[in-house]
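Shown here is one chain on its own, the form predicted on its own, set out as structure tokens.
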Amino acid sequence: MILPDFEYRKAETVADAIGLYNEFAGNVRYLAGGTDLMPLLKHRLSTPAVVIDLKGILDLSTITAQDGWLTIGANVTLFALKQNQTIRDYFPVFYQSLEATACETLQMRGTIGGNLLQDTRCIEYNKSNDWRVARGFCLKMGGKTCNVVPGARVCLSNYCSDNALALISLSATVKVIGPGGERAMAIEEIFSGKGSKPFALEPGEILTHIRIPMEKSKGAYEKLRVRKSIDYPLVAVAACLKEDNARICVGGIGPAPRVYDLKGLGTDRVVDASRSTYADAKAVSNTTLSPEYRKRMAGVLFRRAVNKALKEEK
């Protein structure tokens, strides 16, 4: 497939990018690595008048450790993060999520900011425009119904970032800058819970930095997928353990990740918490595996991730 027509602009600063956003009345898309955006454009799932390239903004391509935080620019590639020794030493759950993301060719191109803000996915949505015209547009494309769950009033497409789950388990925060100014928030607060519009960001806002508390932790990342490489998670679990507590994040199954904070890591506590993932998981027939299997595997991966982090694999 070929790209549609659009105007291309390159920003040298975040202020430049926001200025271009205002100049073109918001009919734009920001470009970083492009591994998520380019397929969307080719499939006509996004049709902006202008694409604003952020890769030239040097401030977004740095990693610094200062004042008790590891600060990562949104343009840092997944491959560069995987090579970072601090991440290997302090944040095993994040390192494992990077290892599990796509393949090294895509890791060298894809950015952490783009991975966090990737669009939700569904087998009824991520198709060519010709296919969708023939099938009929779904809620995510401005239609009046969900093609997976007839009569559904909300879009149940899946948010499939590997790295967001790990960063949420690490209690990371993000900084965003937009026409209305700058603000910071916990990563889990960027999600709207709506598959059709998955992020609770204001129009024109740019995710600029991710900050992780510099505290050594135990952790593990578990991912269900059909193929060993490239595939998005069909369900995934990130677990971060500090002392006798755990923060566990489940994703790939519904429009937004779910977070579980455990006080105490006794076997009964972990098993009870893993069972609750079955009821919480919003699984429908929008992937290659059945909803029931994915719901059950959410609990299995939950327990597996905690046990792996405790080095008590079973």
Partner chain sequence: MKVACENARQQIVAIAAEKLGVPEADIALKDRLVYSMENPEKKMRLSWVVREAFARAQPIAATGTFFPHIDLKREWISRPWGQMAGTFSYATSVAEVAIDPETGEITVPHFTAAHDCGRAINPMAVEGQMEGSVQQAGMAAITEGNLWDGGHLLNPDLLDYKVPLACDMPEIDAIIVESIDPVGPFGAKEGGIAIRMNAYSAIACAVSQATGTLFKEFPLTPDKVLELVENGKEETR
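Residue numbers count along the first chain shown, from 1. From a predicted model like this one, the values you see are computed outputs, not experimental measurements.
Just so you know, the form predicted in complex with its partner chain exists too; it's not on screen, but the next bit is about it.
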Problem set entry | Check all three, Ile177, Arg183 and Val259, heavy atom within 4.5 Å of its partner chain in the model of the complex | no
Exercise. Want to guess which of 161 to 169, 222 to 230, 207 to 215, 189 to 197 is within 4.5 Å of its partner chain in the model of the complex, heavy atoms only?
Worked result: 222 to 230
Problem set entry | Heavy atom of Glu124 within 4.5 Å of its partner chain in the model of the complex | yes
For this session: Verify the contact flag for Asn84: yes if a non-hydrogen atom of it lies within 4.5 Å of a non-hydrogen atom of its partner chain in the model of the complex, no if not.
Result: no
Exercise. Heavy atom to heavy atom, is Lys295 within 4.5 Å of its partner chain in the model of the complex?
Worked result: no
Exercise. Counting only non-hydrogen atoms and a 4.5 angstroms cut-off, does Thr288 reach its partner chain in the model of the complex?
Worked result: yes
Seminar exercise, completed: in the model of the complex, the residue from Gln96, Asn147, Gln118, Thr173 with a non-hydrogen atom within 4.5 Å of its partner chain is Asn147
Exercise. Is any part of 129 to 152 within 4.5 angstroms of its partner chain in the model of the complex by a non-hydrogen atom, and which residues would that be?
Worked result: Trp131, Ala134, Arg135, Asn147
